[in-house]
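To begin, one chain is listed below as structure tokens, in the form predicted alone.
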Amino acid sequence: MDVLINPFAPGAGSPPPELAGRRDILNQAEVTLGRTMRGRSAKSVMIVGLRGVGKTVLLNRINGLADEQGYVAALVETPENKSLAAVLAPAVRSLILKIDRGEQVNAAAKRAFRVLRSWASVIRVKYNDVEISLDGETEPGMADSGDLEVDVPDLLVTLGEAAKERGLAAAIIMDELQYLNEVEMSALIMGMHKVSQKQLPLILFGAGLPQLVGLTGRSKSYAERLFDFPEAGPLSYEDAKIALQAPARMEGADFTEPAIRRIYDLTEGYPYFLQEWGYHAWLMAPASPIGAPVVDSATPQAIKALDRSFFRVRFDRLTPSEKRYLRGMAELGAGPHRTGDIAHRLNVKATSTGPVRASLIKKGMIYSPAHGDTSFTVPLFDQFMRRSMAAEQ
């Protein structure tokens, strides 16, 4: 069928034509935004899930909801090997600038700028990845200690006070939060705790891999009282059906029930993979409706595209020892697997695998769903590893 009207959009963070199965999370976000705007108590939200479930898409949608409700919002990513300071400082600067617009002088916004300058003067020395530079007066004694757990709360409180004085609400929206270390996460939690205590109109939305829950708990034991952790998992069959049928029908086409069932079985309901199979099935189909034989014909192309991009880009970042560890996991199946079983498969002592396992967790390739267990953060990655191993033989 016509490639120009193919409705499916496989891509990192690309919004699907139909965001199926995520209404509960979006409803929670709308309530959180509404309560915060009205000065009511609301927990910040941390969306957790594996790769390819649409966490980034959800954060983008939440950013849109914040705009609709009149928020000033900043959407940022927390990349691997980049400090919280380097990510947070430009975001706070952007929010203060948005708050300070208008004819009337906002004294609290001016103070927030001075506090930000105080922090910038410290973090530019302490962190070599911080690029922000702000000239002007500082606020002595505020956010200038060099201790993140002291300075970040100062910064967020003054930001919240500036928004309150202007009659606005602010939202910080952060992706890939699992890359923060425990001190950075602790500072962020302490900051939001102070904001909550003062009932300031500032809220945090975040997203990350499943280890984010453990990271927040280790950083501060009271984190569970400040944050909700809705899980974005694979879609149910009915939601997957909507994700495939609704876009196709908007273009005057459709999938047969056996075709949808076949795609669902192949993708296990993960949203990114549904888009990939939908995209290639559309290209392969001579006409509507798209049937199961077309899906079978399109499957090699869908797998090839995933191997070339979604899987390979993560695999190529790994060291030889990390690749061996993941091969050992893949040979055992989808998982989760006991750490001892992986070591046995690799014919090494379990204690010797600790550093490699820790490195893979830090890189966001695996996580521990329970004590002593290890699982892939990338759905179907065991299948990719087995295909790679077979190609090498």
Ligand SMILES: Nc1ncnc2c1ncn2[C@@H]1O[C@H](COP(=O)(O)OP(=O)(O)OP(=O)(O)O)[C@@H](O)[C@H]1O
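Treat the numbers as computed from the prediction; the structure is a model and nothing was measured. The first residue of the shown sequence is 1; numbering continues from there.
Same protein, other form: the form predicted in complex with the named molecule, not shown, and the subject of what follows.
Contact between Ala66 and the named molecule in the model of the complex is not found at the 4.5 Å heavy atom cutoff. A residue is said to contact a partner when one of its heavy atoms sits within 4.5 Å of a partner heavy atom; Gln275 meets this definition for the named molecule in the model of the complex. Put simply, Gly11 is close to the named molecule in the model of the complex: some heavy atom of it is within 4.5 Å. Heavy atoms of Leu235 reach within 4.5 Å of the named molecule in the model of the complex, making it an interface residue.
Among the residues Gly191, Gly206, Pro271, Gly160, the one placing a heavy atom within 4.5 Å of the named molecule in the model of the complex is Pro271. The partner is absent here, but in the model of the complex a heavy atom of Ala243, alone among Ala243, Leu202, Val295, Ala248, sits within 4.5 Å of the named molecule. Heavy atoms within 4.5 Å of the named molecule in the model of the complex belong, among the stretches 36-44, 320-328, 54-62, 346-354, to residues of 54-62.
The candidate spot formed by Pro16, Leu19 and Leu50 lies fully in contact with the named molecule in the model of the complex, as each residue has a heavy atom within 4.5 Å of it. Of the residues in 293-315, only Arg314 comes within 4.5 Å of the named molecule in the model of the complex through at least one heavy atom.
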